[in-house]
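Before any questions on binding or motion, here is one chain by itself as structure tokens, the form predicted alone.
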Amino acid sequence: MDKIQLGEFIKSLASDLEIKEGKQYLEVTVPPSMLYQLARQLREKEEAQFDFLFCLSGVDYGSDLGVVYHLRSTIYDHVVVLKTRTSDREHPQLDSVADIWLTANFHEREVFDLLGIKFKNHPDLRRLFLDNSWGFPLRKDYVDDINIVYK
């Protein structure tokens, strides 16, 4: 399946998606409410079989916080990038995909620790590197005068 066919297949799973061909991979922007359902379908559908989450990154876009998921099908050797974001900077929350791809467990904990995005239904959501005296140091508005971190 080439990028065009892959895009058409993903669009058939959910119509409320923005799909574009990125520089390297097909990029799919998905509303947070549809993230888990789409992720599960991409893992389970015979035509897709995205069985490997090889990167999960948190992003501070300024007004929004988001997560970017890089998925690979080791069976079909195709890759897709899922992107989602929330405008709730006070209580950012997205669905966990840790039950779909086990490697998401630590990636989501890292995003929670450094950006403060909570993942609903995560099996063990707690800080990974920092203690609770820290805020969320990868946020663009983070200021910490004690450790001399400025925005």
Partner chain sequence: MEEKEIITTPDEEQEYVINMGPQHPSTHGVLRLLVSLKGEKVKSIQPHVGYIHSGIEKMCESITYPQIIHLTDRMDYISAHINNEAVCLNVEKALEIDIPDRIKVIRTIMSELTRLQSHQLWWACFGMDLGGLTCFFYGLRDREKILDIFEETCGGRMIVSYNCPGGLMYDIHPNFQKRVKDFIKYFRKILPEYDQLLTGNVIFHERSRGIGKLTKEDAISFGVTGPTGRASGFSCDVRKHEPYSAYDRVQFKEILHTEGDTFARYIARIDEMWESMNIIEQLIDNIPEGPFAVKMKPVIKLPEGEYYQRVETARGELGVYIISDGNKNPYRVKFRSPNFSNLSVLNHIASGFKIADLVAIGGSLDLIIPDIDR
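Numbering follows the first chain given and starts at 1. For clarity, every value in this text was computed on a predicted model and none was experimentally measured.
This next part talks about the form predicted together with the partner chain, which is not shown.
Using a 4.5 angstroms limit between non-hydrogen atoms, His107 touches the partner chain in the model of the complex. Heavy atoms of Ser57 reach within 4.5 Å of the partner chain in the model of the complex, making it an interface residue. In the model of the complex, no heavy atom of Phe9 sits within 4.5 Å of the partner chain. Although the partner is absent here, Gln24 lies within 4.5 Å of the partner chain in the model of the complex, judged by heavy atoms. Applying a 4.5 Å heavy atom cutoff to the partner chain in the model of the complex picks out Val68, His70, Arg72, Thr74, Asp77, Lys83, Ile100, Trp101, Leu102, Thr103 from 67-103, in order along the sequence.
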